[in-house]
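Just the one chain here, the form predicted alone, laid out as structure tokens.
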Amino acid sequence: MKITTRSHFDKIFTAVTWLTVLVIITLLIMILGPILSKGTSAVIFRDTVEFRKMQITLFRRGNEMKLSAEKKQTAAVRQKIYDTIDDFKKGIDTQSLTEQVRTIYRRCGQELRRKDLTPQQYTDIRSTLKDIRDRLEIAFASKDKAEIAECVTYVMKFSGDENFKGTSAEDFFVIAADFQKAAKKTDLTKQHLYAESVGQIEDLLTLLLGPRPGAALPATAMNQFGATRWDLAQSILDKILWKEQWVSQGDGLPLVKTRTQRAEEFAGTEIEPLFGYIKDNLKTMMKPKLRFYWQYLIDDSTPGHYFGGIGPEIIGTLLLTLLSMLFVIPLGIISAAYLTEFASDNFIIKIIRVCINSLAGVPSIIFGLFGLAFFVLFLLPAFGAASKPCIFTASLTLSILALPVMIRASEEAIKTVPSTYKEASLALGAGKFRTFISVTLPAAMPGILTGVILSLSRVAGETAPILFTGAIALGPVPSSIFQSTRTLSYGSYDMAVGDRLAMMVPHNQYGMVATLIILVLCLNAIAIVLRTRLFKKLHGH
């Protein structure tokens, strides 16, 4: 081959190599960049007054005096929203109004029985109350404003009756007056549409602002607070301002999502200006502030990972990883030493090597099922322990998973040790075992550490092997290795496929995945530093 041609081939090869490296770096940035970026938002974000309420209530963390002042500042702005909706509902929520007048009628009957009335007086007053109730129900069911006015006028003529003074019947007249006032401003033909939309708006306001003042506190933590993050608050605001619907485009055609302004839906009503009011006063109601929530890495989480951090998941991942490596490293090195230094290269050893290589390619779920059948259902009961998944069985399963990689890496590292090292040691009178411990193993240690790094990365990030052998989605921090634990990998899996509530807070999922990646990188970095220092020491630097 001519020198010129060879030079061209070398340049092409170099260019392809650089292009490959560039593609790998680009792919890593494309994959890891968004994960790490969005994962950072779990720690650094703009919180709201609802977040500060949650921190004090659930974690006893924060300044209660400052929070009390902020709650007073936001209360007045929020109350105007509630009052506007309540006033508007007086003209559209006819079912609730009907229930109210029926309740008042029953209460009035009980009050009449306690009064000193003759049978005839009781019958007359009771009949009048029934007439008032029926007229109000007719008004609530009517779409005709004239008929409503006639019914309300009939009811109101009893408002000065001495028989009803100081009784629950006075509530009839308050409801009648409010309903007539609201009905005058409302298109009665749209009552059902208004009622449905107002119900949606109230649900969204609960997500944004939390439970209404005076309302019973929900049992679950996620319903006790409003939007704890500014980005979440803005997302809910968008749903309040815009109504999304899936509209049919014709037979056989797919549905199309449309967005319409809710203000247009309530045009001409007293609730129309409310949307602009909420938009203009969102910051006043939520009080956003920049937050560095480092406690995310130590806090426990509420059910569904809706609030809180990932402290137990980090502890569980470290426990599983380190305990697995305690099994993997000695077993891997001993196995590799036997295969390379002490066993002859016969047929059985070749079969063993084929089996080890095959195990390295077995799907991880198979190891999980093996761990369940052998460690959980057989080994623990055989030693008198309870047959249940725990950290110990999960660690053993992960070590079986990583062992083939560790053995192969250690074998290759031991084979690279120059034979002259061993020959010199043997010539000085050392035995094979002492030669291996004193000469071969230290010289092969940088390569063995490479196997440790590969094993560490796989153990820390695996999910399938621990599904049945020791991982749980929710539970306390384990106090022994014979309890189940939460892990970052299993928590990410659970949030991705099994927890609908967690999908409502994607920053927690990204935060968990990003933490897992950073944790693996940190463990690898420690191993790489150790390997580098050992390499320099062996070469006399």
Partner chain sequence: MKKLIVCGLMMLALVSTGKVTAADKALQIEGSTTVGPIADAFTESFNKTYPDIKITVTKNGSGNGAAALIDKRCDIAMMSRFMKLEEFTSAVDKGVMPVAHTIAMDGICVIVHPSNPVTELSVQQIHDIYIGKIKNWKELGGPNMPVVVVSRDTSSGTYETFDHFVMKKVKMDESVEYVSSNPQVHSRVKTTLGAIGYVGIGFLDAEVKGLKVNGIMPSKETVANGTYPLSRPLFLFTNGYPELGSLSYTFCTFYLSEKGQEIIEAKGFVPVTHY
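Positions refer to the first chain, counted from 1. The shown structure was predicted, so the numbers you read here are calculated from the model rather than taken from an experiment. Under this definition, the rigid core comprises the largest set of C-alpha atoms superposing within 1.5 Å between the forms.
The same protein also exists as the form predicted together with the partner chain; that form is not shown, yet it is the one meant from here on.
Judged by heavy atoms within 4.5 Å of the partner chain in the predicted bound form, the contact stretch among the candidates 29-37, 478-486, 47-55, 510-518 is 478-486. For the residues Phe367, Phe266, Phe436, Phe468, the 4.5 Å heavy atom test against the partner chain in the predicted bound form is passed only by Phe468. This chain is drawn without the partner chain; in the predicted bound form, the residue among Ala413, Val376, Ala169, Ile278 with a heavy atom within 4.5 Å of it is Val376. Using a 4.5 Å cutoff between non-hydrogen atoms, Ala42 does not count as a contact of the partner chain in the predicted bound form. Residue contact check for Phe347: none of its heavy atoms lie within 4.5 Å of the partner chain in the predicted bound form. When contacts are judged by a 4.5 Å heavy atom cut-off, Gly461 does not count as touching the partner chain in the predicted bound form. Residue contact with the partner chain in the predicted bound form: Phe292 places no heavy atom within 4.5 Å of it. Looking at 309-347, the residues that come within 4.5 Å of the partner chain in the predicted bound form, counting any heavy atom, are Leu319, Leu322, Leu323, Leu326, Ile329.
Annotation for Arg262: C-alpha shift of 2 angstroms or more between this form and the one not shown, rigid core superposed.
Leu253 shows a C-alpha shift of 2 Å or greater between this form and the one not shown [criterion: core-superposed Cα displacement of 2 Å].
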